[in-house]
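A lone chain, given as structure tokens: the form predicted alone.
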């Protein structure tokens, strides 16, 4: 049976429209926004909000469709994750930092989609599907003393039976769009906290904290190496009270396969890691296209029909850059296609994220190397892409963590057997 890698026509049209946005509202402002960290890309936000709002509305409409005659909602083939992958790749090509300023549910939305009930999805995600004012969501996991090892998380959530509320205390750091999510009315942050420290990972749950909640404050806003247009903030919780039904999944502590607490929340990454891979692909493609353009202007073409020994060192480098990018692209394509078909993709999500992050960081660095002094100069964007590319190897699981996940999945080892 032949396998087609053709992108559906409606998705191609979306990609073309996104390319226009990237060329018009992102790339021309890349240097300005990089030099003026945290300056909000207002034109980009205003242009993207109606598009993303309508997409979220269409997603929520599917949740309310009537059941068919068998009492089950009709399952339809979807390309939603494919569309998202290609949209993110194109936007990151425009500017990775500006892309992260997208007014949307963000990683918080992934968590709600992965663990939330239908009622929670409709209640919390509807704010991203209505109104003229942009809204942001975020997810808060990392702490000063808990990075990749989530079991050492110290932020606590204690249930107050008298008021039927959860009381959160602690601090979260390195939260993408954390400031945007809490500054703007109607925003939200999904916060991971422990309800029982002795239970380890089984005691970790996720909670929806809405903007304006008393006891929640924005701490340090980071000054970063790359993706400087986006805000990365810390959030402090000081006896922050949230309603009892703002918990995602069951409040019961149980280390079973059916538990939708920590294990359910971890499913967030199966959806988000391919999207991080897509953003890395966008930066990698920007670098690759730029270096080929500059080489062509200097009379250096990249032939694809000559034996390896007849190529110059630079030609060989560029061909290897193309091959690495394509391999990462195909892995990412596979991981999102599995999501669209409802197939578990934990292994493939980590493979795509790891490969894309490493390959595109190397591509961006190689671009600077090939271009020499001008590649290192701030006159061109090549050095910025090299800085922007590094984040893909850090957030949504470092390279080391994703390597561990891949090894455990392939070898069928537990965390205790392979740490």
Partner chain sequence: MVSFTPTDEQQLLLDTIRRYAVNDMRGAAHEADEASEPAHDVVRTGWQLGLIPSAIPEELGGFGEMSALTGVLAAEELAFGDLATAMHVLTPALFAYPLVLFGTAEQRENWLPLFLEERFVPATAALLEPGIFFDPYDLSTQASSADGQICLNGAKAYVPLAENARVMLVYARNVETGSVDAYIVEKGTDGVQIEKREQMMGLRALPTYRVHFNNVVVDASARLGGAVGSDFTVLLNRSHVALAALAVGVARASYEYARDYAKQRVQFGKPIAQNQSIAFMLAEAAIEIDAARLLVWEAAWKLDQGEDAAREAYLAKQYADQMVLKVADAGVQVLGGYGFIREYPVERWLRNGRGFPTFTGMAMV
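Residue numbers count along the first chain shown, from 1. Since this is a predicted model, take the numbers as computed values, not measurements.
Another form exists, predicted together with its partner chain; not displayed. Remarks below refer to it.
S.K.: Closest heavy atom of residue 324 to its partner chain in the predicted complex, within 4.5 Å or not?
M.R.: Result yes; residue 324 sits at the interface with its partner chain in the predicted complex.
S.K.: Heavy atoms within 4.5 Å of its partner chain in the predicted complex: does residue 167 have any?
M.R.: Residue 167 lies outside the contact set for its partner chain.
S.K.: Would you check, heavy atoms only and a 4.5 Å threshold, whether residue 400 touches its partner chain in the predicted complex?
M.R.: Yes, residue 400 lies within 4.5 Å of its partner chain in the predicted complex.
S.K.: Classify residue 78 as contacting or not contacting its partner chain in the predicted complex by the rule of any non-hydrogen atom within 4.5 angstroms, answering yes or no.
M.R.: Heavy-atom contact with its partner chain at 4.5 Å: present for residue 78.
S.K.: Establish, in the predicted complex, whether 27, 63 and 114 all lie within 4.5 Å of its partner chain, using non-hydrogen atoms for the distance.
M.R.: No.
S.K.: Which of these residues, 341, 293, 119, 132, gets a heavy atom within 4.5 Å of its partner chain in the predicted complex?
M.R.: Selected residue: 341.
S.K.: Only one of 100, 333, 195, 216 gets a heavy atom within 4.5 Å of its partner chain in the predicted complex. Which one?
M.R.: The residue from 100, 333, 195, 216 that makes the contact is 333.
S.K.: Using a 4.5 Å heavy atom cut-off, indicate which stretch of 223-231, 134-142, 305-313, 276-284 touches its partner chain in the predicted complex.
M.R.: Contact-bearing stretch, as computed: 305-313.
S.K.: Do any residues of 397-419 have a non-hydrogen atom within 4.5 angstroms of its partner chain in the predicted complex? If so, which ones, in sequence order?
M.R.: Sequence-ordered list: 400, 403, 404, 406, 407, 410, 411, 412, 413, 417, 418, 419.
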